[in-house]
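Let's start with one chain on its own, the form predicted on its own, as structure tokens.
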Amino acid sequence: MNKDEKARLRKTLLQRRASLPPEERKEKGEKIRDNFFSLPFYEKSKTIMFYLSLPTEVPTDEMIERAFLEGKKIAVPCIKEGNIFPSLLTSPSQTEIGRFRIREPKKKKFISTEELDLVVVPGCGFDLKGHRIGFGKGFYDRFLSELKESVPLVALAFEIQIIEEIPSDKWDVQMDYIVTERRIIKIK
């Protein structure tokens, strides 16, 4: 699949996600949240990297708040020099809009990827083999390739974001799990 075809697929998946009415997005997001917290390795995780959700993405704010209440350390992605760096989040309300309209902590405290026990990954779409299509900048693939193999990679997605096949390149990093409102898909 060439770049133009991938761009069309990305656009289609983003339109599909954006077409969800807010009330339905909230309801499905709550089911995804419940499925996520049922993952057996969540309990053992001490430092979790979440993404701070955009309006049409699976909402993560309540997940982050719950993880805080359960004593987890939370990191979120910050984009710097074309790469993602995990930064601790001290409070979900202490964020600002950074590059690419993505929320980031106001006060950044970068940590090593070695500290991460679990990484929650966004995306435009996914397939049942764990392939992901993101926004096309390659930030997540570069970041994920630097993690220890033992760190579970969990994608959060609405069921409408799951398609038969996402074209992949050799540098694309596959997810270990995809959590939707209907199921938990275990890849590896």
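In case it trips you up, residue 1 is the first one in the sequence shown, and so on. Since we're looking at a predicted model, the values are computed, not measured.
Beyond what is shown, the protein has a form predicted in complex with a small molecule; the following relates to that form.
Trainee: Within 4.5 angstroms, counting heavy atoms, which one of the listed stretches 64 to 72, 150 to 158, 134 to 142, 31 to 39 is next to the small molecule in the model of the complex?
Mentor: Looking at the partner contacts, the answer comes out as 134 to 142.
Trainee: Is residue 17 near the small molecule? Define near as a heavy atom within 4.5 Å, in the model of the complex.
Mentor: Looking in the model of the complex, residue contacts with the small molecule do not include residue 17, since no heavy atom lies within 4.5 Å.
Trainee: Counting only non-hydrogen atoms and a 4.5 angstroms cut-off, does residue 10 reach the small molecule in the model of the complex?
Mentor: Heavy-atom contact with the small molecule at 4.5 Å: present for residue 10.
Trainee: With heavy atoms only and a cut-off of 4.5 Å, decide whether residue 172 touches the small molecule in the model of the complex.
Mentor: Close contact exists here: in the model of the complex, residue 172 approaches the small molecule to within 4.5 Å, heavy atoms only.
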